[in-house]
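Heads up, the chain below is alone and in the form predicted alone; it's given as structure tokens.
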Amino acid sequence: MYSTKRTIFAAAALAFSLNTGTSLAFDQGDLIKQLDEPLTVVFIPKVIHPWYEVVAAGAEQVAKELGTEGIEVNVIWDSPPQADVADHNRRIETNIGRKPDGLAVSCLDPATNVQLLGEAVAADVNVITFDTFCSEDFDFVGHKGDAQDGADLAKFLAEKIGETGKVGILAGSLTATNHAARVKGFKEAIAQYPNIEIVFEQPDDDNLEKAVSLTENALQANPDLKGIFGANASNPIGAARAIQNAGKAGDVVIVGMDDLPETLQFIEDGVIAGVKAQRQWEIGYWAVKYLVAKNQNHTIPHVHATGSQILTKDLLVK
């Protein structure tokens, strides 16, 4: 009964204000802050990589759009040259000290990154994690279906090789939770095919040249290799270069992640069979959008899932 009376009172008060033109004492619009100064948003990815260039393009686009609304946003990238946990953490610490208006971090090592990001929040820095999910403590923009991507690619690869033969895994960076989840999903799904054997699993540290070298070594050790799974955006390209150089294009089926230009060309040429591609342009766009919204005191979703899709030659060549 008490709740019902409160609802009736609130409705009556609203009706009174509408009929009389009298403003209520509380206006939710007053909670939103006006932005009178330029904002600085810093992105810290796991490593310098072409994949993040597409993220940057989305970030640049939304910055232009906000500029037309009178909101100036400076987007800065502080990218480690290699996937090195210590260097990555130093960059996070340094930028906490600079107190930007927004900090977007792709977690390389959740065990240490989470503590630092907690320190950023404690220092009143607006934080979003992107690309690689690391903790429910922070808002996230990106794709969380990594294990399912690995499983989907395992089934796709198994079909392509007739559910039998030797396959290998290029595992990316061991500390990156998205890479590890893809590998886990792949291995669990491929285990359903008793005639498929995983003969190597090596981390390439998101380094394309290392992926080339690892694939060359795998071919020497396993000349009858039938397939390769790549857990990040670099290693399908590295594997494809090595396979093509060895004259085994079409004999070794390559599957992996993402749609970098060289990846798409290898798919069209029949060297890579297919990939699961994320929508990283959307990641950059919404990360900036939400960090600006945080500065305005808007609410934002805790997780913005950007998804992934399968890409094969049939889908690329019309």
Partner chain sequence: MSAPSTENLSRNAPFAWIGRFRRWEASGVLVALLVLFIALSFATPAFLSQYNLSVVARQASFVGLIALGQTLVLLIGGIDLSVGAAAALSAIFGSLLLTQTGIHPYAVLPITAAFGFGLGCINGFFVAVLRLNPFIVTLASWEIFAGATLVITKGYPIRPLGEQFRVFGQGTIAGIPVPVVIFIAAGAILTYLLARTRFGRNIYAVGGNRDAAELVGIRAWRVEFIVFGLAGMFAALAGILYASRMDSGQPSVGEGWLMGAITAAIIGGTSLKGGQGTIVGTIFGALLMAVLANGIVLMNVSGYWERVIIGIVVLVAILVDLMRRR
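The structure presented is a predicted model; accordingly, all values stated were derived computationally and were not measured. We call the rigid core whatever largest set of C-alpha positions still superposes within 1.5 Å between the two forms. Positions refer to the first chain, counted from 1.
Same protein, other form: the form predicted together with the partner chain, not shown, and the subject of what follows.
J.: Heavy atoms within 4.5 Å of the partner chain in the predicted complex: which stretch among 113-121, 193-201, 218-226, 143-151?
T.: Looking at the partner contacts, the answer comes out as 113-121.
J.: Within 4.5 Å, heavy atoms only, which of Glu53, Glu60, Glu262, Glu282 is in contact with the partner chain in the predicted complex?
T.: None of the others qualify; the residue that does is Glu53.
J.: Using heavy atoms only and a 4.5 Å cut-off, determine which of Glu93, Glu72, Glu209, Glu136 is in contact with the partner chain in the predicted complex.
T.: It is Glu93.
J.: Does Ala83 make contact with the partner chain in the predicted complex, using a 4.5 Å heavy atom cut-off?
T.: Contact with the partner chain, yes.
J.: Does Thr175 make contact with the partner chain in the predicted complex, using a 4.5 Å heavy atom cut-off?
T.: Taking the distances in the predicted complex, the answer for Thr175 is yes, it comes within 4.5 Å of the partner chain.
J.: Flag Asp78 as yes or no: does it have a non-hydrogen atom within 4.5 angstroms of any non-hydrogen atom of the partner chain in the predicted complex?
T.: The answer is yes: Asp78 has a heavy atom within 4.5 Å of the partner chain.
J.: Would you check, heavy atoms only and a 4.5 Å threshold, whether Gly247 touches the partner chain in the predicted complex?
T.: Judged by the heavy-atom cut-off of 4.5 Å, Gly247 is well away from the partner chain in the predicted complex.
J.: So, does Pro203 move by 2 Å or more at the CA between the shown form and the other one, with the core held fixed?
T.: Indeed, Pro203 is displaced by 2 Å or more.
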